[in-house]
Structures are given as C-alpha cells and as structure tokens.
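As a starting point, one isolated chain is supplied in structure tokens, in the form predicted alone.
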Amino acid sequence: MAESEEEVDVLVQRVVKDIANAFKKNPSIDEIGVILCPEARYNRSPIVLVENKLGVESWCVKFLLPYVHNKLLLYRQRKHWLDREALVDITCTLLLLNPDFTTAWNVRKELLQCGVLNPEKDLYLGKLALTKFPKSPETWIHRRWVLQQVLNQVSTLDHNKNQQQAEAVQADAERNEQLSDRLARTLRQEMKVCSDAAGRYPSNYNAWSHRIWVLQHMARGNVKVLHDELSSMRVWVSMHVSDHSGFHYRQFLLKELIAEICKRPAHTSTSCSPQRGCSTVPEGSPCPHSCSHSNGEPSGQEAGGEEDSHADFTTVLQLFHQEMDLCSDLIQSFPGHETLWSHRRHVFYLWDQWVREHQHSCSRGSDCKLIHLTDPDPGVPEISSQSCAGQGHGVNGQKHASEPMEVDGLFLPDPHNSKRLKRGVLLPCPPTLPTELSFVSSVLGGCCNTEQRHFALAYRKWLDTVIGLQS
C-alpha cells in the first residue's frame, strides 16, 4: 500500500493512465462500477476490464478522487498547468467517480468548443456515468448542453446551405441526408439512455425530464416519433406500476399527440378544415355560404374536409380509449397503486377538456357541429352496433353506451393516412361519466384490498365533484 505523497502521486497517475488505456483498448465499454475491495491484495492495477464492463477497485478511490479533484481545481485557479490530453484524462476519471462535479463538466465544455472533444465522445462519457449514477443532475444538464450544440451545428449548416449556389444542390442533398441520419441516431441513443437510467433508479425525475426535453427539441411535431414512444412505453409502465414519472411521460406524449393532430394546417375558405376538424371561418364570411353551393350540395373541398375532420376525431378517440383501457387493465391486475388511479384521473380530465374545447370550436359556426359517432354520413367511419350497446350520457349530450365494450387488437390509425378510416370500422364508445362510475362500481364490487377501495372511492368523489359539476 502506498504511504508517502510521492508514492500516492505515482499510483494515481498510473491509475488515470490505465483508465485512459482501457477506453482505447475497448471503445465499446457500456457500464462502469466500483468493485468492493477494502485493500490492495496484489501488485496489479486496480482497473478491471471484463468484456464491456469497467470496474475500479474501491481501495484506490480514496486516493484517486482527491488527487484528480485537486489537480483540476489548481488548473482552474491557474496555479497548475495541464495540457489538453491530461485535461481530458483527468476530467474523464473525475466524472466517472463523481459526475456531479460541475467544474469538470465546464472544463469539458471549453474543450468541446475548442474542438479538442467531439459531442459524441462527451455524450458517451455521460452515458457511462449514468450507469453508476443514473440520477446525476449535472450529467443530465451537461447532456442537454451538448445536444443543443449539435442542434446549433445542424441549423448553422442549414443556413449556410441556403446561401450557396445552384451547382451545389447535389452535395447539399447528400449532406442533409447525413445530418438527418445523425439526428435520428442521436435521438434513438438518447431514448435508450433515458430508458436505462429510469430502469436503474425508480421515479427518476431527471431522466424523464430529459426525455421530454429531447422530444421537444429534436422531434417537435413528429407524430410518428410520438406515437412510437407511446407504444413502446406501454410495456414499461406495465412493469413499473408505481413509477409516477413514467406515467407523467405518457401524459405528456398523449397531450403532444393530440395537439399535433388538432393543429394541422387548415383551409380558411371553409368552416370545416380538411385536417383539423370543425373550426370557424374568417370574420365576415357566413358559414352557410362557405360550407355549401347554391343548390345546397356540399362542395368537394368540404366533403374532403369533413372526412379528414372525422378521421382526426376518430384518431383522438382511439388514443383516449387505448389509454383508458390500459388503466383499467393495470388497476384490476395490480390493485392498491395510487399512481394508476392518478393517471386515470388525468387522462379522463384531458378527454373531458378536449371534448369541451372541440364542442366550443364547432359551435362557433352556424353550420358546424360536433362530430356524432352515430352519424350515418358516408364520410364518417360507421359505428357498428357491436361497438356500443345500451344508452347513456355521451360526449355531446347525446346518448351513448354506459358500458364500453372491450375491443381486442385495437390499433391506432396513421393520422396521415385517412384511407384506413372507411365505413364499417368498429369504434369504441367514448369515455363518459357514467362509464367511469360504472367502472368504479365494478372495482368496489369485487374489491378485497383496502387501499384499492380507498383510491376507488376517492376517484368517484373526484368524478362527482369536478366532472359532474362541469357537466
């Protein structure tokens, strides 16, 4: 065991070099950890590399961490000079042992801006640090900064491309394809890093917040990415029924998907837009004249608009039905989890608010009306009698089923492909106050869990006091 200060310096310098050599030897290291070893038993390096796992024996950490920490502070105080390669090695070692040391991340920011480091290498280091410290806030903050630099580079290249001459169009197209592939690859990697961190630490708020940030900045308006995320998260939340952060992420995805579906570009010449559903016409244009010809027949543009508006309504209905169906399955399979009831409350509240907003926007035009699920118009997906049985309170005051029928294999139609939405498509009944009260009654009827009963009663009280008073 090293005792003198000189021996400690020699030991630590060797360990730092061994860590750097391990990354050179195996660039595919995917996890780090500390190996419990109170003292050095053999005259060998405390750095252990097995397949793609990097381990540091615990006995050397008490020497290694203070050494690299002091070296970096002396450098920042301009009391000690370190070349760029030494800075890279020291900050790498320090951040693998203590990723919440902000000064080390700031040094790497400077190295990245100088071109010594590339963004991919820093993202890789952060990924490794998160395998040992999955909730490290400084690591997530630095990761967002690096991703923002990547986005800035792409936007800068796009701006320069617009200023080039016509002869460079072919080269620009190839470069744009490479940039798109790079962003898509980075997006997939970030989703994987967030999933791994969320699995290692329950209710990892920092990981889920970062995942939301990535979608907001790297996949804004991308319905396919949002839908893929919602689908992939279904299995995850089914295995983590007490993780509120995961369900909050699903709520974010649901709201973003609905917002993107409802804000598609609309024609201002008709009151029923082709892609957003019913909306108002410009001021001074009466709805009856804009929605039909002089002979009372709807124009071709309006017919297409109604078909797309029905498709949007159907897509939103399917989204909410799938989410409520997932909640029902999880609540009945895993009784006594408050997170599931809170998620159901939030989803039903979103549905109720969306219906009210949709109804309000449609009522502003004289010929506009809320889409009725039983409308026999050919442009509307037809509701089979098998999908809704019985009568009850509906979305717009009409009578619909009081008990929703379970639809096996229900799929979410592509919002960009309305060809699938034809007559005869079985649609589920919309979530309503009577169906929710019926669900609560069924849970209470066969409930043996005290906590489950408490949560069900609290949900019923919320339905009566919040939703019931608004109706």
Partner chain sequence: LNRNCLDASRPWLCFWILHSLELLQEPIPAAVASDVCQFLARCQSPTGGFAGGPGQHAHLAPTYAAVNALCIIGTDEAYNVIDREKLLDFLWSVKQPDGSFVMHVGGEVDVRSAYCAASVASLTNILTPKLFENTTNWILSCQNWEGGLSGVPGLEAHGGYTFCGTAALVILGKEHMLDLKALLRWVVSRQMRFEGGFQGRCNKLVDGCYSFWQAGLLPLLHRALYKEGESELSQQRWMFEQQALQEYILLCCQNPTGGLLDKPGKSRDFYHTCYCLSGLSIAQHFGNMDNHYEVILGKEENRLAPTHPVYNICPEKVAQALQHFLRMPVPEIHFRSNKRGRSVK
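Remember, it's a predicted structure, so these values are computed and weren't measured experimentally. Residue numbers count along the first chain shown, from 1.
This next part talks about the form predicted together with its partner chain, which is not shown.
Visitor: Go through E120, D228, E85, E338 and name the one with a heavy atom inside 4.5 Å of its partner chain in the predicted complex.
Guide: Selected residue: E338.
Visitor: May I ask you to choose, among N98, T131, N222, Q322, the residue with a heavy atom within 4.5 Å of its partner chain in the predicted complex?
Guide: Only one option qualifies, and that one is N98.
Visitor: Since the chain is shown here on its own, which stretch among 198 to 206, 112 to 120, 327 to 335, 148 to 156 would lie within 4.5 Å of its partner chain in the predicted complex, judged by heavy atoms?
Guide: Only one stretch passes the 4.5 Å heavy-atom test: 198 to 206.
Visitor: Is V355 one of the residues lying within 4.5 Å of its partner chain in the predicted complex, judged by heavy atom distances?
Guide: Although its partner chain is absent here, V355 would stay clear of it in the predicted complex, with no heavy atoms inside 4.5 Å.
Visitor: Might R14 be said to contact its partner chain in the predicted complex, defining contact as any heavy atom within 4.5 Å?
Guide: Judged by the heavy-atom cut-off of 4.5 Å, R14 is well away from its partner chain in the predicted complex.
Visitor: With the partner left out of view, is L73 within 4.5 angstroms of its partner chain in the predicted complex by any non-hydrogen atom?
Guide: Result yes; L73 sits at the interface with its partner chain in the predicted complex.
Visitor: Taking heavy atoms and a 4.5 Å cut-off, does E451 contact its partner chain in the predicted complex?
Guide: E451 belongs to the contact set for its partner chain.
Visitor: Output the sequence-ordered list of residues from 335 to 355 with at least one heavy atom within 4.5 Å of its partner chain in the predicted complex.
Guide: Heavy-atom contacts to its partner chain in the predicted complex: H337, E338, T339, S342, R345, H346, Y349.
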